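One chain follows as structure tokens, the form predicted alone.
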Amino acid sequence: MNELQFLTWVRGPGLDIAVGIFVLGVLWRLFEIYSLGRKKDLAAPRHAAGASGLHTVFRRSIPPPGGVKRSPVSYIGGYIFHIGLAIVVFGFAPHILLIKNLTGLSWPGLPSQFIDLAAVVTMAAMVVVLVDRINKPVKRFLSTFGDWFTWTVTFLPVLTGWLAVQHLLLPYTTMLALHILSVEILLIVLPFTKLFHAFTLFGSRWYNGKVNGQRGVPV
């Protein structure tokens, strides 16, 4: 298989397989979560200021008091690479075109220079967060293979995409194919790893806030 055949495969059958596994995996995981059911809360509802699902979503989305000072890399680096990743994924014109072909949804893209800067900043933030995890004994001890693996499959699409756009390291056709393949790997593993928090993050925060809010406990 030459580089053109490789690119054709990842853009065709490879993408179809990855998207299929991704969609089925997400639906299955959501079904598992929502089919668990919850026992009826028989306690009388209590109302307290700031104790609700929406309040919890907001509070858990910003650093707690003193959090940035205690762990600046985790909070600042985490916010930077999550926001940067969203900008790269949903602001780059070719990505928007792909999403339009798959879903019919479309929106204006951001300037390529801005996307390029966002990609570099995102990679830098991810590397800083990784180094911090390696250098901090407690974080390193608590880290599992899943943590290192999810970091890798998240980092590679950004790196290969940036290299392809910059025409670096390998011929453009080969690097583009590797970029698409890395995205497909990310799609395949996302529903079955910690990366699935992309779909459960705000829902779980809202639920915890709602349950505790009924007890008058802000979380």
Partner chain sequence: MQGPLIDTLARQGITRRTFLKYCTTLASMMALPPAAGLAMAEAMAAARRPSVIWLPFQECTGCTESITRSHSPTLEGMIFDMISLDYQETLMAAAGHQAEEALQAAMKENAGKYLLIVDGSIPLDMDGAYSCIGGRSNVEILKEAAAGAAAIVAMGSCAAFGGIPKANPNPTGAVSVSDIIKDKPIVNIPGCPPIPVVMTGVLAHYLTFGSLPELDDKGRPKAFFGETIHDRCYRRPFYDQGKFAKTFDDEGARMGWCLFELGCKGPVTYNACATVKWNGGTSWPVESGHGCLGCSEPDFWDAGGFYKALSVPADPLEFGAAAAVVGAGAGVAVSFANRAKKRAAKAAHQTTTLADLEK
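Positions refer to the first chain, counted from 1. Given the structure is predicted, the values throughout are model-derived calculations rather than measurements.
The protein also exists as the form predicted in complex with its partner chain; that form is not presented, and the subsequent description refers to it.
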Just to confirm, with a 4.5 Å cut-off on non-hydrogen atoms, which of L27, V68, L54, I185 contacts its partner chain in the predicted bound form?
L27
Can you tell me if F58 lies within 4.5 angstroms of its partner chain in the predicted bound form, counting non-hydrogen atoms only?
no
Is R11 one of the residues lying within 4.5 Å of its partner chain in the predicted bound form, judged by heavy atom distances?
yes
Given that its partner chain is not shown alongside this chain, does V211 nevertheless sit within 4.5 Å of it in the predicted bound form, heavy atom to heavy atom?
no
Verify the contact flag for F81: yes if a non-hydrogen atom of it lies within 4.5 Å of a non-hydrogen atom of its partner chain in the predicted bound form, no if not.
no
Heavy atom within 4.5 Å of its partner chain in the predicted bound form - qualifying residues of 1-38:
N2, E3, L4, Q5, L7, T8, R11, G12, P13, L15, D16, I17, V19, G20, V23, L24, L27, W28, F31, E32, S35, L36, G37
